[in-house]
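Two separate entries follow, structure 1 and structure 2, each one form of the same protein chain as structure tokens.
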Structure 1
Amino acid sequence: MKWKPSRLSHLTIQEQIVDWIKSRIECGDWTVGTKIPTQRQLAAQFNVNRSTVQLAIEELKADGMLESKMGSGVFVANNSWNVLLDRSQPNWQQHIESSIYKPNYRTIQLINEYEQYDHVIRLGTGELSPELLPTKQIEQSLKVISLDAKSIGYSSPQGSLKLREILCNYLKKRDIQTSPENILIVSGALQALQLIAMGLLEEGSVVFHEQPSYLNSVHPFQSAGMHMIPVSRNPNLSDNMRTLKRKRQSLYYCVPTLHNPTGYNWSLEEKKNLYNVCNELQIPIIEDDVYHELLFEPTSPAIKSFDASGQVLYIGSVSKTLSPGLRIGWIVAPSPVIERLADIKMQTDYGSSAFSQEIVAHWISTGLYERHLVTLREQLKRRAIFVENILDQQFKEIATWRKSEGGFYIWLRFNEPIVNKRLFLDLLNQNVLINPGYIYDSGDLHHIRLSYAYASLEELNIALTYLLEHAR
């Protein structure tokens, strides 16, 4: 029985004819070069007007599936199979471009790519060198950690109760008083920011931050439709935030201890001033405190330590101190916030690694963690002094910097605006990878985030020599 279009179909007669001809080509009945029936023959077969067949054929010719040959008729085009293949696959590029999550800057994509290559000297990376990680001690601790069936299954929505209880005691050293129900275990600080963006803010909310900011190099809030607004912590901060906030939801993100990328440490007065302003305006504070354990000298208490109203969401992690591969961090916040974020976390990954939580609980509870921190700070301080000596000897005429107080970074400022994409690529061609200031503040062509935490001393010397050559 010959096919005929259906008058009852939701498709038009023309659309049905187009689909039928495509199906003849796709199943191989009409191969490349096949001459198709004339318009008159098809119109008679389909019992439709010839003009309808003509429109269908013109559409297929426009799509590249059919072609006319003068005086010979209409044939299946040579490109018909490619056209069909393209049509049969999803348009992934369209999906990608219209997706919610924003792509990273091209420079950051290159940083993420080239950080994987052993021959590249990583002069800006926010990660500990493998030689600074306590690999052997972690391996040894695995032999003494006692596991039961429950401890290696899915953890509770808020994470291991044992680890949360241990953290309550450990956080007292930071002058933070909390309880297990006010702690959520997360897979690193970045996940904490993503959960906050998804669970506590509506689209169009405002995220205040300092400039430059680590937040500009990742997009947890931008991709959720939030507005990133830099503000200066000056006497007009309260009025400025009130004006910028208007009636929108908002919060203030800060790294008051060893700020990323500048390494700056807030004074106690600066912390209290920000807390009082945000308390007055009812703006929650995210205190990202992942670097505080790497300070070379003691510092002032965390903002969370004098939070009497549940204003501060406090983030900690072992990624910068023990192992980034463990993927363990935590949020300290009011119970309703923790319950909300825990619910979202369970929807996204069903809990952080049970094994990693057991390792972190063991290290903190036995004192292994704090003993490791003492050694780590000493090693980082030696590295910082090594780099600062090179800077003193070779960079004084072209750049300025502040002596490192801990952590990973020196915020190196060149006198001239030379830190552009050309400098980045020129150094990359010599296998030196930098973190330029413009990934933290798009208009910054003066700074690089210089890390002494990852590359070896020999590599640091080599990389700084290349940097000096290109900076002059």
Structure 2
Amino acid sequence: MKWKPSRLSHLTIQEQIVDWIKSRIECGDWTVGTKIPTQRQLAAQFNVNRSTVQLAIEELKADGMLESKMGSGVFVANNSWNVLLDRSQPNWQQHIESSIYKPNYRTIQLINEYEQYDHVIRLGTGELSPELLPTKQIEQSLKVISLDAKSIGYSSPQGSLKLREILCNYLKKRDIQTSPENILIVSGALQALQLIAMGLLEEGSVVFHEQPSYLNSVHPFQSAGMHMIPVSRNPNLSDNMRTLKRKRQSLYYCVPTLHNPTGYNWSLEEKKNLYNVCNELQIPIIEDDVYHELLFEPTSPAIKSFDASGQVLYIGSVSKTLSPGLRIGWIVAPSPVIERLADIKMQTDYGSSAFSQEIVAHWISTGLYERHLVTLREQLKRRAIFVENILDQQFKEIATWRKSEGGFYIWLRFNEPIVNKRLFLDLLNQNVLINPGYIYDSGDLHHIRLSYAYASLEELNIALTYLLEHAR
């Protein structure tokens, strides 16, 4: 469907490319300031030599339609519009720069972008490998799901009652007792955080979290104007939080089970201590529990399981276990919180996909989900051991790490502070995508979040070899 120059045209290939780029600008698709695709990308799309593309771009630069910016690419020039026709355009760049939401960090934008390309080896990604997803079984289950017309209309504010009832039952295995009224279905854990930021906190509130933190790599609270304050779970936690909180509203965000990015599991004592401190200071806790099904061995129960005061907002999801494409997660919380967040969700996107909810309900209620988890844990464990063997053999002198207890990640620490943007870009040049520690803790130049869950064993081997070359 993408445009290509035609060998049959009376125009040369170069002329056709020049006309096509002009038409993109003319029709308003590429406005002033748009960065155009790279020569390599265009050459691939047009199925021509890169030199032909280069000549076409040079011609357009000479005409004042395009301009190069050192090191960052080729852009639609400011006066392109005057060149083409006498019309004014909204200044989109100005709109974007002055608007409310923070952009993703450049490194994360690059990660999001390069994760799309098949030739890139994803060494840090927070996603299961396609070969670990039960694609064919899901396809099979689509054939037996029966829909009723009610279920594909707009959903009730809290999401499918059927799914919420099934989740109540499922959560009992995590020692969490709740009822359908206390569950809100969301489009993944990140949306849960977004709703909490908009619905439960005033601007300038304090969000406590550990360092390194997943919350540094996404912006739901930062974009809503909250202060992110790192705290450690040490004996002074209570005093520290009391001092830092002052009179402000606050909450504590944590991933106590298979912490992202470190993979650490809190002890029961650490969980109880945090709970008691937060209870005393009346600080709500967000317990992000999206990895717990991937524990290789059972650990201590979730904080929510001993929450007798409605203090904990508990978040679960199937994105790390069944399929991220479903976009289904849930929040368990006291009724006023659930009603409030459901009200905002209705104002934001009118609920999550009814089809995705049907699929998740089917997988959990039939036991397909838990059977899949058994296999998945085995496969992840096998992959963890494979990577740990490579590390043992080749990285012992330059890095340290803890043996994985489950999930996707090994939090690999290099002895030297080598994990900087240069390393990220150098590896990207070799088509290896890493998640550097500095996206989880801006001052950290020692760690990478190494994922054994996505790339194939062969790719893991190759990528680790490249990594070793750069790290030595």
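Take the two forms, find the largest set of C-alpha atoms that superpose within 1.5 Å, and that set is the rigid core. Numbers follow structure 1, counted from its first residue as 1. This is a predicted model, so every value here is computed, not measured.
The form predicted alone appears here as structure 1; structure 2 is the other form of the chain.
Core-superposed comparison between structure 1 and structure 2: the Cα of residue 43 travels 2 Å or more.
Relative to the superposed rigid core, the position of the CA of residue 64 differs between structure 1 and structure 2 by 2 Å or more. In a rigid-core overlay of the protein, residue 53 has its C-alpha displaced by at least 2 Å between structure 1 and structure 2.
Here the two forms are laid over each other by their core, and the C-alpha of residue 10 is off by 56.2 Å between structure 1 and structure 2.
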